[in-house]
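Heads up, the chain below is alone and in the form predicted on its own; it's given as structure tokens.
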Amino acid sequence: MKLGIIGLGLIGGSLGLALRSRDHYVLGVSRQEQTCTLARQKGIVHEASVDFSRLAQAEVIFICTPIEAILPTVQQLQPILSSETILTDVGSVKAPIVETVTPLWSNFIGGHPMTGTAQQGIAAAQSGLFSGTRYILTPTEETPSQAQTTVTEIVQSLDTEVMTCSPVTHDQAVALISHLPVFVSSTLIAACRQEQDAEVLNLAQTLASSGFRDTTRVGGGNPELGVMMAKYNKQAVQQALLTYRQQLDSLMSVIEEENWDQLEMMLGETQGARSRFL
């Protein structure tokens, strides 16, 4: 198939490598000519351009831009594409995207690959990024069945497990397991930076190793992504943060009361529950 990718960063670049290895013809679009050149040199795409009109021949287009650029991108594509062209995106928030894009382009299905790294940009692209991961599709009653079938077949060919759910359910779930961890780990780093004793702070920075690294990894990621999560998934993120704050308050009360049996029980419950999320 002839497939288009708009946005040749980590996800878009990795998608291009994976699709090319499955014998698809890949057309790429980026805002920067330098990125287009690099995408061709790295074998991420067959063709790359800053001109959207190059995508007129694509059968399916993956929009891999930041969340706030998805709607303007669809608006730019409208006068260029055949109505048969299928559009999908990779944004980590789905409800506001599906709600705004579907009226403009009926042949659309929202998507979210549950993968990524701490790196960003085309230089971080890797062909195996999707292998062994889950890929979420969020069809609605208006989603054409052929669009869902086609996109499902493409992403399944990348060795992913395709799951479907409503856009709202998706956003509530990822607020808990994807968006909340970003803000929790960010505030953990911020809390450590509040230490006023320079000697203690320096020692803490020196001693920090695997536990701190694993706990704070997502908090050290791209700030723009965190802002987009909060901006476009505000209600679900707020609810997740409120629930987390309530759990912290309970933990603080137990420690203040020196109720060690209760603390052990709480930690035992989370120890047992962790495996159900991984």
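All figures in this text were calculated on a predicted structure; none of them were measured in a lab. The numbering used is simple: start at 1 and walk along the sequence shown. Only the largest set of C-alpha atoms that superpose within 1.5 Å between the two forms is called the rigid core.
Keep in mind the form predicted together with a further copy of the same chain is missing from the figure; the text below concerns it.
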query	finding
a further copy of the same chain in the predicted complex: contacting segment from 64-72, 25-33, 222-230, 42-50, heavy atom within 4.5 Å	222-230
4.5 Å heavy atom contact with a further copy of the same chain in the predicted complex for all of 181, 209 and 248	yes
Selected contact from 156, 100, 194, 78, since only one has a non-hydrogen atom within 4.5 angstroms of a further copy of the same chain in the predicted complex	194
Single option in 169, 117, 106, 140 placed near a further copy of the same chain in the predicted complex, where near means a heavy atom within 4.5 Å	169
Contact label in the predicted complex: residue 241 to a further copy of the same chain, heavy atom within 4.5 Å	yes
4.5 Å heavy atom contact, residue 190 and a further copy of the same chain in the predicted complex	yes
Heavy atom of residue 123 within 4.5 Å of a further copy of the same chain in the predicted complex	no
Partner proximity in the predicted complex: residue 205 to a further copy of the same chain, non-hydrogen atom cutoff 4.5 Å	yes
Heavy atom contacts to a further copy of the same chain in the predicted complex at 4.5 Å, residues of 250-268 in sequence order	251, 252, 255, 256, 258, 260, 263, 264, 267, 268
Core-aligned C-alpha movement of residue 74 between the shown form and the other one reaching 2 Å	no
Post core alignment: residue 37 C-alpha displaced by 2 Å or more between the shown form and the other one	no
